[in-house]
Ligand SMILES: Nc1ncnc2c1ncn2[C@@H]1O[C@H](COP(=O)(O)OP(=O)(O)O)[C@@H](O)[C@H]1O
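Read the single chain below, which is given as structure tokens and is the form predicted on its own.
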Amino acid sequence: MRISILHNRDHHLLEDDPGREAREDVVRVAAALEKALEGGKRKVSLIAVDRDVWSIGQALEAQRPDVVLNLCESLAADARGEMVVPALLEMVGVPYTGNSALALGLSLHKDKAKELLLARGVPTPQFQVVQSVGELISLELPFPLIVKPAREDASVGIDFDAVVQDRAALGRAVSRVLRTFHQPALVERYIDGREIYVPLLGNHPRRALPLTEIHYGKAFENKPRVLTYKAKWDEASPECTDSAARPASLTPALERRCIETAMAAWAALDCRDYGRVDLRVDKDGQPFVIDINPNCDLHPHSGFAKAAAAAGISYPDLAWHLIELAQERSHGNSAIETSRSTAARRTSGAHRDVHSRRGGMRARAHRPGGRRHQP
């Protein structure tokens, strides 16, 4: 089997790129997945893309893959390019992993995603999109509020000043987003509660992997409890050290409510294969969707990979399972590879219903290793 791993390599293109670390990380993820998938009769190749979308077609013509593992999160350091790649792969008829152009585009444009969630009755904080500071005159949302770029992910643009308590701070935060990111600002109610992540895997059936919770420590005393860009990407910062992701300890009722909310959000945006839904749970136990992350980070030390490991899915098996999902979608049946070991096949069968084995997965959910959040 010929597998091409398609990823962006555009972190060097902009002198002042506020998302440089997140873009650079994709290169490391691609290398890790290449190593995980190598072996047997597989031929694994990398396709790195900067700003030239036409080079993708040339590389596909040269490599002629049976399936593409799509890791592209941007083109030319612009997150909007993420949706271009699956559309191109659809046009040329190459099976690929992960979400469609539609799902990626909807989730990236946060206001459109939230409109769909509200239309489906999925709880998400009240919001307003602002394209100029002057529009704040008509804003009627109650403080505190949080201000984000309207079409970024990986906590790009989020710092402590993004959470505002009054009109003056709101104006400064909106001005910073408009000036730095050259895009509208999303202003939404800040939910001061527990931050729960729900990793989702598969389609028919779709299941939740073990849930995680962000635990905010000393660096967040007297500051907003938000997972800032530094907390995700600057491992030397106190924000990163003091915002550990750990297995979520929830009552069965709250866990079920979080999973149901995440599943409803996932379906509303027509997402598939794998990803993560981020929730805030208020003091009354109500989960609110604060972000939807299709094609989330697949680094071996990411929260998603750790959640899979806690469910008994090794990193190589996780990588292969994503390939299987693409094969199933294209060919209507599971891909079978004779070179896979019987142990690997047993693992794949065992994680069909993660939550039926709650006791075992909780004990293994916190795994040592490099510390990473889930961008």
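Since the model is a prediction, treat every value here as computed from it, not as a measurement. Residue numbers run from 1 along the displayed sequence.
Form predicted in complex with this ligand: not shown, discussed below.
Shown here without its partner, the chain carries V26, D234 and H301, none of which come within 4.5 Å of this ligand in the model of the complex through any heavy atom.
Contact annotation: this ligand lies within 4.5 Å of heavy atoms from the stretch 194-202 in the model of the complex, the single such stretch among 253-261, 87-95, 166-174, 194-202. Taking a 4.5 Å heavy atom cutoff to this ligand in the model of the complex, the contact residue among C240, L178, L106, I158 is I158. Here is the short version: of P247, P184, G81, P125, the single residue with a heavy atom within 4.5 Å of this ligand in the model of the complex is P125. The shortest heavy atom separation between R207 and this ligand in the model of the complex exceeds 4.5 Å. Interface residue remark: L117 is not counted as part of the site for this ligand in the model of the complex, having no heavy atom within 4.5 Å. The closest non-hydrogen atom of D278 lies within 4.5 Å of this ligand in the model of the complex. In the model of the complex, this ligand sits within 4.5 Å of a heavy atom belonging to I146. The partner is not shown here, but in the model of the complex the stretch 211-247 reaches within 4.5 angstroms of this ligand through a heavy atom at Y216, R225, V226, L227, K232.
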